[in-house]
Ligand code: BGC
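Read the single chain below, which is given as structure tokens and is the form predicted alone.
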Amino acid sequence: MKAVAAFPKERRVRLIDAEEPKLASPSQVKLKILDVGVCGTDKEIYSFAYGAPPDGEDHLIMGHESLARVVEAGPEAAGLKVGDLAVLMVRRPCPDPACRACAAGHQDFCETGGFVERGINRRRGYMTELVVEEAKYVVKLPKALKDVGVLIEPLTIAEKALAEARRVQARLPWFKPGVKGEPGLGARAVVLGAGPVALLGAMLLRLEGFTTAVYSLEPSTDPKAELVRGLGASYVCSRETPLDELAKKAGPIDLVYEATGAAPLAFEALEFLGTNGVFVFTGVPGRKGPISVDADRLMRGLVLQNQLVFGSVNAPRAAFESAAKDLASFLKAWPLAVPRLITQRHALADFEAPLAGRLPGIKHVLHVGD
């Protein structure tokens, strides 16, 4: 079968012939890959800034944003059968029995850093035709999501982030979990960035009832800005409007969802977080030089306004299941906007342009099969 593989020592990425995987336990399933999303992590692996092959191998089969169909199921693969549409989780637990997070099935909070990740770190990924996986890492999807299901994995970032925001805001005595726009979680949100993770986050916030503003570099006439406005959110161009003006117009900001990896912008935005507000970092900055921040001012705000700041990465199974439910709700609410998040599908052999980051748009996808 064909696969896209990165060879770190050669500093080459090429299409290879890989051996077809076989079921090795009764709890496994074999899946035919349909779509694989391309994200910033994939581009970093393509440029050899990140990523590691499995132990003892010289290459890493890339790809971690998947959509697949079950073609073979072991007798103990509970809840899955041939023909099911599914996505596969990314991270696998570390082997350390003392890691409380991995032992509890929350490798997204791994305490040792010894986890592995499909298509990223020491585990073969999904830019290939067939994969075999344990059923517990496979999440079944409704067939109605076939055209957009590849968006599940980036959506899980927002799902986990918002779930964590709910948990930390439970410290407020008046917090009412599960009530849209409840005072505890707040009603006004700002999303930093207009990439796939940011736009999916904006959709989730709008679904939750937040008054939402998306703040990004693209001009107000950009198609991304039009898409944002179609969600009932506002779009603000950072080249046209300073952050302090945005904060004045938006009112006290209850939640900032950062999805840029741009440290200067993020720490500037932190200054405008409202009382009892929550700031969520989801972007990973590149290795750049130091930046200047008004640390006294930030610390004063955090203390005197009871603010919270946290980072969120990867996602547990519950976030994948929530993403499947919410993506279906997105389709009902915005049937034209959701498919527009996928800019173009490319054949597996045409991987170079999407991975090199030379193409405009929102989300590029490698289409492997039907």
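Here the structure is a predicted model, which is why all the values come from computation and not from measurement. In this text, residue numbers run from 1 along the sequence as written.
From this point on, the text means the form predicted together with the ligand, which you will not see here.
The contact with the ligand in the predicted complex, taken as any heavy atom within 4.5 Å, belongs to Thr41 out of Thr41, Gln307, Ser322, Ser27. None of Ala333, Ala318, Ala49, Val313 but one reaches within 4.5 angstroms of the ligand in the predicted complex through a heavy atom, and that residue is Val313. Using a 4.5 Å cutoff between non-hydrogen atoms, Ala194 does not count as a contact of the ligand in the predicted complex. When contacts are judged by a 4.5 Å heavy atom cut-off, Val90 counts as touching the ligand in the predicted complex. With a 4.5 Å cutoff on heavy atoms, Glu134 does not count as touching the ligand in the predicted complex; it lies far away. Although the partner is absent from this view, Glu218 stays clear of the ligand in the predicted complex, with no non-hydrogen atom inside 4.5 angstroms. The chain is drawn here without the ligand; in the predicted complex, the stretch among 169-177, 113-121, 230-238, 251-259 whose residues come within 4.5 Å of it by any heavy atom is 113-121. Contact check for Lys32, Val36 and Glu129: none of the three has a heavy atom within 4.5 Å of the ligand in the predicted complex. Interface residues of 190-224, taken as those with a heavy atom within 4.5 Å of the ligand in the predicted complex (partner not displayed), are absent.
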